[in-house]
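The chain below stands alone, shown as structure tokens; this is the form predicted alone.
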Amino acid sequence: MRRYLLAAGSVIALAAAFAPCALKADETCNSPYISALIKGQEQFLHVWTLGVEGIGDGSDKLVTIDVDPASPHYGKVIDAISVGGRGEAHHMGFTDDRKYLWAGRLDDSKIFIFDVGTDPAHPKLVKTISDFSETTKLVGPHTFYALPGRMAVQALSNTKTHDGVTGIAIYANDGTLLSVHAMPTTDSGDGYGYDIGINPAKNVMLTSSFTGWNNYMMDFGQLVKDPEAMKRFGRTMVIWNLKSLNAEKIFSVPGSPLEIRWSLVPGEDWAITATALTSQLWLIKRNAAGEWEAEDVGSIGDPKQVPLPVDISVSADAKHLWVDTFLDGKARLFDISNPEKPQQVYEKVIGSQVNMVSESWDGKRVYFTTSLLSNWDKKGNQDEQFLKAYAWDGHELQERFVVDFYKEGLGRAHHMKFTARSGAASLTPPIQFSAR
């Protein structure tokens, strides 16, 4: 596996940063290295939003919604920061102190860093990284995964061929690029990347795979009719040594495995993912011999209809898993108390399309957004763009409020993150961002 080291001593620094710590996560789906955990009521929901020409100012933006039921502004947009242009806004991730939120764009590969700790109700854009592709030779910064004092950025593509062969960039929290690590292309590796999931107690990083710029920027109707393009989707997951960042084992997981969710129960060492094109749940676990293996453990809906599972969210006790399927607009809940035999126990149509799902740590609140990719979203009256908030009582999703992003002039609603008024502002001094 190729590795480009871009800062002196970065290997030693990374090894120290990856020292195992207690496995925690913020609201079940983020990095275990994030120090602050909202176990009670979240106050604000930040939505990274794709700009649409002719709607509002047409720019990508970070939208903040008040989600505190005790607030007079409950369910209302209270802030929106336009970052200029439309670059395919996609995913976000907190720094380890939860003070800063990194957000990326898949088309122009810009990264925007927001201060969400000082005043969570009104984030502030503090840095823009415009040279991601120039310095890393990668395209499409997708996953932002906190490490101690650092940010791992999983990209989707590359500057040379714009296919799915890609890598992971490691940045310091101040935005300084430290190193670039290529996804493996030997030993049956396809070089593709998508999500990152870390289990520090086992010294393991797990990655999944999707597709490259040539595909994700193509019109969806055109894509599915192009046999060659449909061959260019990821089919692997990779187990990495966390400290050395060496790829140790490659699994064949056909059908484009997307989001990775590790069990958050201490002592458990399994993760689960869903494959977009084959509509299956896959379990990554240790076998009786102590070796990591990947196993197909169940179907999501009717795979022949290709419901296109996208985002998933695991409960804090690792007993339930929400699975969103984009094409039929459904949220499905699986009982995964036995992760080797998931059982669907509930489903609900959220809208004509649904993509991202975020749930509170206590599992009592679940939020959904709609946009997948600007060229993949449905057309006409099927192109709903909203955030919906639900209460979950263990039996039924009960709608609490809806924000129609088109009516509000905001664009297409994609990734979500929670903050609370207690924030992280008082925990650490402000980062002095490097000037570039």
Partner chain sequence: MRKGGLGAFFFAALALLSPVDAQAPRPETGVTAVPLGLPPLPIPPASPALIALGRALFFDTRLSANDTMSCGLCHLPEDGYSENQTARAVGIYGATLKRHPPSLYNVVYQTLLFWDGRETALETQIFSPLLAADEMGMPSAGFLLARIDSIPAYHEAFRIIFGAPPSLDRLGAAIAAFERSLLCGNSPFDRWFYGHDPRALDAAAIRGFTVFTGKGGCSACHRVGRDDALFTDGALHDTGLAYAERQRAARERPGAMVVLGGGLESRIDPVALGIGVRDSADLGRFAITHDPRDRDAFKTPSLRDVAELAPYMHDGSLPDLAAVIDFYDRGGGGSPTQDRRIFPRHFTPGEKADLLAFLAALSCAPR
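Worth saying up front: this structure is predicted, and the values here are computed from it rather than measured. Residue numbers count along the first chain shown, from 1.
Although not depicted, the form predicted together with its partner chain is the subject of the following passage.
- This chain lacks the partner; the member of L277, V83, A316, L258 within 4.5 angstroms of its partner chain in the model of the complex by a non-hydrogen atom is L277.
- Distance criterion of 4.5 Å from any heavy atom to its partner chain in the model of the complex singles out M218 from the list M218, V204, L264, L283.
- The three marked residues, K99, E399 and R421, fail to reach its partner chain in the model of the complex, with no heavy atom of any inside 4.5 Å.
- Interface residue remark: W213 is counted as part of the site for its partner chain in the model of the complex, having a heavy atom within 4.5 Å.
- Of the heavy atoms in W376, some are within 4.5 Å of its partner chain in the model of the complex.
- In the model of the complex, D335 stays away from its partner chain, with no heavy atom inside 4.5 Å.
- Mapping the unseen interface onto this chain, H162 counts among the residues with a heavy atom inside 4.5 Å of its partner chain in the model of the complex.
- Screening 266-274, 248-256, 354-362, 340-348 for residues having heavy atoms within 4.5 Å of its partner chain in the model of the complex returns a single hit, 248-256.
- Along 312-338, a non-hydrogen atom within 4.5 Å of its partner chain in the model of the complex is carried only by L327.
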